[in-house]
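Here's a solo chain for you in structure tokens, the form predicted alone.
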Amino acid sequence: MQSRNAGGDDVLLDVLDLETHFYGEDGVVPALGGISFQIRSGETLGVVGESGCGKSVTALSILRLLPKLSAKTVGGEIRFRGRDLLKLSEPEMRLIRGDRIAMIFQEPMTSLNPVHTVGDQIAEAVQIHTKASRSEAMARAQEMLRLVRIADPERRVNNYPYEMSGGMRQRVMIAMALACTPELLIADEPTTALDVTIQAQILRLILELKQRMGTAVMLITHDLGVVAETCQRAVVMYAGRIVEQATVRDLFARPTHPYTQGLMRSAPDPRRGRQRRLPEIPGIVPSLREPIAGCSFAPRCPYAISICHEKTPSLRDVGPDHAAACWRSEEVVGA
């Protein structure tokens, strides 16, 4: 299978000052507070942070899949190959969604249609974006099931989602997402609710297919270990903002934001031997329903001084391809 994208250092996706708000009875919730990042052709970018930090909202904003009655992207740009996706009509966006940009969702049982076979669902995605006939699309469905290592694909195309295990359903989701050879695959916590062995198999499969097809991957996860093993660069999010971004090598060698340091300390590490209790980050994530003065992490930060509670820091360079939003980044690195 030939790649549409040979890879390289060119920018595939350029997100600039993206702001997304949710609207409810309690008022406006700024879920994304002006985030900016890039994904280069053929690379794997990890987006990491605690639940509720804005990772999934970022993915849904890129694909314009936010619930229309309760959420809206109110500012910024999402440039894919130079075109601002926010300015496209819905028919134009449908041509990109599922074809040039595809997504694997967290829970395949809620993403797959229970009343249609998995073969029909993969074939439908192929027919929507290509001129393939029904028989050609079904042949492609079998080919994709074989590619994601589902045994006996000729029989399995006739299975319904409930007839498959969780790991197999996730493989079907990968097959459907990659059936049209997208340039960008967004994987939102793709191993949620799977056991450790199956998790490793799914991640390995995504990376193998990425190499085969030349697809860039945006991997959303809360697991720093997954980022360390699978990604070239990483973005760390907290309370709807990016607090640090760097190459994975530099991020782990020199974490510059106190939140990143806290995440790393609280992650299990076999090299530490047996520990009764992992260190935790004190305090709680702030509610985005209330205005936040200064740095959103300041109430939990051991390095916070008066400016941290008064003025919001912006991302600034702390090294080559490494930026952090911290007023005291130099002291943090040296600590």
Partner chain sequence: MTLVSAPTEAVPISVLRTIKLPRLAKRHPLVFASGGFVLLLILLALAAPLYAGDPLNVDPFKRLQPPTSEFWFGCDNLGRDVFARTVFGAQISLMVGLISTATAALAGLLIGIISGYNRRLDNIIMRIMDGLMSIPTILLAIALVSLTRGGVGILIVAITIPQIPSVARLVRSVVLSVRERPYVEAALCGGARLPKVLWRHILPSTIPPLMVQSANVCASAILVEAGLSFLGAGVSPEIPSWGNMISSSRIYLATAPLTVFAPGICLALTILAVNLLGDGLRDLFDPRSKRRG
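Quick caveat, the model's predicted, so the values are computed rather than measured. Positions refer to the first chain, counted from 1.
Missing here is the form predicted in complex with the partner chain; even so, the following discussion is about that form.
Engineer: Within 4.5 angstroms, counting heavy atoms, which one of the listed stretches 90-98, 135-143, 185-193, 113-121 is next to the partner chain in the model of the complex?
Structural biologist: Correct option: 185-193.
Engineer: Does Glu50 make contact with the partner chain in the model of the complex, using a 4.5 Å heavy atom cut-off?
Structural biologist: Within the cut-off, so yes.
Engineer: Is Ser56 part of the interface with the partner chain in the model of the complex - any heavy atom within 4.5 Å?
Structural biologist: Flag for Ser56 set to yes.
Engineer: At the 4.5 Å heavy atom threshold, is Leu69 in contact with the partner chain in the model of the complex?
Structural biologist: Although the partner chain is absent here, Leu69 would touch it in the model of the complex, with heavy atoms inside 4.5 Å.
Engineer: Should Ile62 be classed as touching the partner chain in the model of the complex when contacts are defined as heavy atoms within 4.5 Å?
Structural biologist: Because no heavy atom of Ile62 falls inside 4.5 Å of the partner chain in the model of the complex, the answer is no.
Engineer: Taking Glu25, Val29 and Gln106 together, does each of them reach the partner chain in the model of the complex with some heavy atom inside 4.5 Å?
Structural biologist: Looking in the model of the complex, the three residues Glu25, Val29 and Gln106 all sit within 4.5 Å of the partner chain (heavy atoms).
Engineer: Could you pull out the residues of 222-257 that have any heavy atom within 4.5 Å of the partner chain in the model of the complex?
Structural biologist: Contacting residues: none.
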